[in-house]
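Next up: a single chain in structure tokens, the form predicted alone.
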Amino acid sequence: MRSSKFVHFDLELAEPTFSSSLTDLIIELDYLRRKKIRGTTHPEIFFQLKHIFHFLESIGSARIEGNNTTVAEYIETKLEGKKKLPYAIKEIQNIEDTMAFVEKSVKNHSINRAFVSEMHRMITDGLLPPPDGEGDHAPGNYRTTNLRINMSDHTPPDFLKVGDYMEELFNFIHRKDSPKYDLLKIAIAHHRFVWIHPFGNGNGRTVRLFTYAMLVKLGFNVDEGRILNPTAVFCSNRDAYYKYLSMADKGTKKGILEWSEYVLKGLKEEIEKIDKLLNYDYLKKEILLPAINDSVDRKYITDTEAKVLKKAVESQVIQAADMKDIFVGKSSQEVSRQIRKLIEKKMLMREGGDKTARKYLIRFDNNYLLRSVIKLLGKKGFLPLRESI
């Protein structure tokens, strides 16, 4: 049993020196934040990738807390469309739903107690409280007892102080400092939230979405075509995550700056890596076409379906006339019928979601192509979760 006690230290900005590698990271990330996002990948294809990264991020966040659901198990549940989710899947689905709530709401709402409480309610919705599950006895409410953190020498503050410490944290993130401090404040605020441990359970899942909310709020334009996967920073190496949190727990400037550099370095690497998918030539050659071939080999799709999908991938957007060479001798009505079948199987989608549209794109986010796309993303190093699909 670890012996620990609560030690207060002030919440403040720990400024790096101008010549430090952390300062370089802040400058580079600030450039990425302001950079106009341009790419050759069709938005409707890119946002399918975003959907995939989001549910994988949800799995990763749950994994840190001990959920052992595999990617394959989660995919099967999504594809089968089960209404009653297994308990472990429900925990992951809650995280995914909360992420969608953050993206939809955060730009028009302050990150305050009400916002964080709603995130916590959604994250723990329908889950049994400890020791039987990953819910909370009082979802959305600050804890009313003192607690200990597993694998940590830090003891969170007395429950009577939680409200004051959280209000101080909200004031800190909303304080009108120079924008050059925004990214540093995100890293410091993440640690401070964990340090306070405001809820009885679910603090880890909540703080990772709290961090995501701050990133979106501060200008990383996820609604304009950027994928942010901050959980990849934390779940790719759980031991490193706890190691750097422990450094920051000491309350020293050195510890806070080392934690901040760990967070921002991981974030920069993830953004630069995933932004490669905006280059459609890369996405087509390295992910989509190999995924179609893999799906044929695994008998998820037929040879004819593969030909249509490859045609769609090559051009990004296709029309019925483009498929005449696949359905030689078939009438226009028969070609249209084949297209409808692929739409029903969720392998093609109408451009813009318009039911009358006559232009089509590949769809891979909710059908049996999904396994192969994730397999190829993992093979190319885009995913923090290392397992076979």
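Please read all numbers here as calculations on a predicted model, not as lab measurements. Residue positions are given as counts along the sequence shown, with the first one as 1.
The next section is about a form of this same protein that is not shown, the form predicted together with a small molecule.
Interface residue among Asn146, Ser152, Ser110, Thr252, judged by heavy atoms within 4.5 Å of the small molecule in the predicted complex: Ser152. Trp195 is the sole member of Trp195, Tyr165, Phe115, Phe210 with a non-hydrogen atom lying within 4.5 angstroms of the small molecule in the predicted complex. Exactly one of the stretches 238-246, 157-165, 170-178, 279-287 approaches the small molecule in the predicted complex with heavy atoms within 4.5 Å, and it is 238-246.
Among heavy atoms of Gly204, some come within 4.5 Å of the small molecule in the predicted complex. Mapping the unseen interface onto this chain, Glu261 falls outside it, with no heavy atom inside 4.5 Å of the small molecule in the predicted complex. Residue contact with the small molecule in the predicted complex: Glu134 places a heavy atom within 4.5 Å of it. Though the partner is left out of this view, Ala357 does not reach within 4.5 Å of the small molecule in the predicted complex, counting heavy atoms only.
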